[in-house]
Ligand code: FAD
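Shown next as structure tokens: one chain only, the form predicted alone.
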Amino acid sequence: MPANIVVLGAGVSALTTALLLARKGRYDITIVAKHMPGDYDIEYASPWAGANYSPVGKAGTLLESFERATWPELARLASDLPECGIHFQDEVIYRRAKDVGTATGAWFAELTREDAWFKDVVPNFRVLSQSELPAGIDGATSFTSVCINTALYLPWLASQCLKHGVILRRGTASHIADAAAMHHSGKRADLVVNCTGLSSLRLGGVEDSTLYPGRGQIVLVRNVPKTMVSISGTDDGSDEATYIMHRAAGGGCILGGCMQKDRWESQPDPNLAIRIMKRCVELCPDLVPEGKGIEALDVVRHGVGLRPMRTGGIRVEREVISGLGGEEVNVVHNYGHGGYGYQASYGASQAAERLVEEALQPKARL
């Protein structure tokens, strides 16, 4: 008999984990989530992401291992499956010495290294010469990355789950043990995979107080840049950032951004939006016709997402949790991906998959 699994959540981590498990062919899986691909809500972080592959994990950390393991699959999808909404894009990372010690400088510390661990992972990594650096820039690297159209990729992941027999249901759980009763078979699930992101802060039985929001704000425009580019900091504030990425398949161009710790505000800040647009045009003048400013940006929408940050990093762990009625439920956690959910998605989900197999191995053999 196949083991019954409920995956709680439908962001990139949940969908990727469910898909990897479904491909095994020995689990009966239900995805239960309040928000599904196609929704835009402040509680649902995945649609708001850029998203691209810009590794930030320090060498030797769990995040580094997840990012390293994720690149081959993202590259395969970009090469072989255009329908999933991922394309290759060259990326330039600019570094300013004065950004050391700022919030954004710390966030981008590994990304801006000239000897970064991922230099042997991504194609075409090189250090730019002094003659290639714009004024005010102290160093830069470039490499071939990918950019993801989240409006296509999340539904594609969901469709692949459906193809492999996964059932998707809308629902909410106030306690992690409640999710075990939400399997589509009507039987109690043998295991729950918790991929609720920032909601794990308040989810009964989990209530992870190390979670906090990393507020991000972006502007989506129709303008087409000639490169994907980021810089190590800004002169507008320690937690503000500048990055430009052109989504695949008509997804528009993302202009960002910021990383505002413990900020829950869901509405865009108009003043921050203007600063973002000005910084991006200054960094990449090709965004607009020569001599033009932000008035030449063709805005699709302004957006805000709350990154599920976690002190200590991503949590991929297995535990047994008791429900309010005393019943026990096997749980595998996969949450707390911060601003790197997509670029760590396959590595983290593979680790969660291994924990599920360990927990259900006896059940799967019956």
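Remember, it's a predicted structure, so these values are computed and weren't measured experimentally. Residue positions are given as counts along the sequence shown, with the first one as 1.
The protein also exists as the form predicted in complex with the named molecule; that form is not presented, and the subsequent description refers to it.
Enquirer: Heavy atom to heavy atom, is Arg315 within 4.5 Å of the named molecule in the predicted complex?
Expert: Close contact is absent here: in the predicted complex, Arg315 is far from the named molecule, nothing within 4.5 Å, heavy atoms only.
Enquirer: Is the gap between Gly347 and the named molecule in the predicted complex 4.5 Å or less for some heavy atom pair?
Expert: Close contact is absent here: in the predicted complex, Gly347 is far from the named molecule, nothing within 4.5 Å, heavy atoms only.
Enquirer: Any of the heavy atoms of Gly197 lying within 4.5 Å of the named molecule in the predicted complex?
Expert: Judged by the heavy-atom cut-off of 4.5 Å, Gly197 is in contact with the named molecule in the predicted complex.
Enquirer: Evaluate Gly165 for contact with the named molecule in the predicted complex, applying a 4.5 angstroms cut-off between non-hydrogen atoms, and reply yes or no.
Expert: It does not: once the named molecule is placed as it appears in the predicted complex, Gly165 has no heavy atom within 4.5 Å of it.
Enquirer: Which among 119-127, 267-275, 172-180, 156-164 is in contact with the named molecule in the predicted complex, heavy atoms within 4.5 angstroms?
Expert: Comparing against the named molecule in the predicted complex, the contact stretch is 172-180.
Enquirer: Which of the residues spanning 281-319 lie within 4.5 Å of the named molecule in the predicted complex, based on heavy atoms?
Expert: If the 4.5 Å heavy-atom criterion is applied to the named molecule in the predicted complex, 281-319 yields Gly305, Leu306, Arg307, Pro308.
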